[in-house]
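What follows is a single chain, given as structure tokens, in the form predicted alone.
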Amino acid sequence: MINGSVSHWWQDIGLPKARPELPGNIEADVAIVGAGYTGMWTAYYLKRAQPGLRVVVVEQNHVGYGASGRNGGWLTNSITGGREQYVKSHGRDEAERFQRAMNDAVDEVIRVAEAEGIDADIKKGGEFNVAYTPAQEARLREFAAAEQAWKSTDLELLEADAAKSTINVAGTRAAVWHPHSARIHPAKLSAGLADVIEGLGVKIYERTRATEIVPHEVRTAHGSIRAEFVVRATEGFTASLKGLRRLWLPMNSSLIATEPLTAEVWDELNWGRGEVLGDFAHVYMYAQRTHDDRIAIGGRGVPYKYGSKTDFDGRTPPATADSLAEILHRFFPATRGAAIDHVWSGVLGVPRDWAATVGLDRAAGMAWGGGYVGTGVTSTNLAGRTLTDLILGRDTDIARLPWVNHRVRKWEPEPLRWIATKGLYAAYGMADRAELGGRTKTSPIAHIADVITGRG
């Protein structure tokens, strides 16, 4: 089993071609920090809108090195932190408009991939989430009723037999499905986007770590970039920038990938239409059937490292791989004989209120996008289009969505955030174990944890 080496996705296709480091002090119209999805989508739409713009991207390692090349491959329509927060702040119509924009963003990624010749193994089969304990079933049914009260969610509730005939998860009591989701290959999308934007004239400088972002300037160990606009697209690595250690918490998420499974196993699982798979546990899992017939399944391992440290090679504790394999085998007993070929981890950015944000301080020329808490495969596309409109001064529908210019207080200083994060995920784990053990209602411990984290 390979442990680390960035991700299975990059091992599958090979690491991207090496690009040059920043050659020294330069000038640009737009400087983007981070060659993940947010940075590359922003560069793409800027150059499509104004081909003459000088757009430069700097990346501390290689394109797609962070969450963009390590995620679970869920191109889905979730609004980070949920719609209800925007009902409170902007009204129900605006929250509904945001949901439609996320639905559209799923199709926009698919459209661009097709138009630009990016083969990212995209298969649109919807998002499927199961409940396999009484407490999970109660949460699922409450969720389904709430979702079906909205116009743009298109969610279906499936009883046990119908659910198992869609994906045969052992012990399924009920499930929900909606059509606005697709499976993707994260590294293929990253590599394809990088090649496309370079073809449009974007300069990408790798192995160039930004140390500080100030108005109209990115400072790195290799020199500075002066620009009218600077875009911070650093997501889970934001804490490494000077003055931003407490802005977003870098949350770790881990995945395993099986060996390719046999046709007999897939016949039993009945999973082949491109659905992405999740559940209603408190420490939830996420999975996909890959293009080459593996299962890639993920969840929280060691969720947070003291001092907002990040993992630079994807190496993962063996206990995390074991816990993910246990979930895999509980869901799909037919996989018990299958080898685990790869385990890896990555970080994602978590704001204090668990709500993603995109915005621009025009006077300072400083823009940002991130805090996706795991919804970034789709949100980054909407962020890139929104940042383009904000930078170009275009008053569009997406430039007025509720998440634009949203700001939130910083996380608590250490050791408080380490103690809190470790304790809260321990509480979620206790609640899940109690439910697996027969508890029929959601544990009060989980309710308290939701309130403390800002998710309740």
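None of these values were measured; they are calculated from a predicted model. Numbers follow the displayed sequence, beginning with 1.
Below: the form predicted in complex with a small molecule, not depicted.
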Just one of 121-129, 195-203, 330-338, 69-77 has heavy atoms within 4.5 Å of the small molecule in the predicted complex; which?
69-77
Under a 4.5 Å heavy atom criterion, is Thr388 part of the interface with the small molecule in the predicted complex?
no
Any of the heavy atoms of Ala35 lying within 4.5 Å of the small molecule in the predicted complex?
yes
Report whether the minimum heavy atom distance between Leu53 and the small molecule in the predicted complex is within 4.5 Å.
no
Just checking whether Gly314 would be counted as a contact of the small molecule in the predicted complex - the rule being heavy atoms within 4.5 angstroms.
no
Counting only heavy atoms and a 4.5 Å cut-off, does the small molecule in the predicted complex sit next to every one of Thr42, Val350 and Pro402?
no
Which residue among Val358, Ile256, Leu277, Ala210 has a heavy atom within 4.5 angstroms of the small molecule in the predicted complex?
Ala210
Consider the chain as shown here, without its partner, and state which of Gln136, Asn103, Thr172, Thr375 has a heavy atom within 4.5 Å of the small molecule in the predicted complex.
Thr375
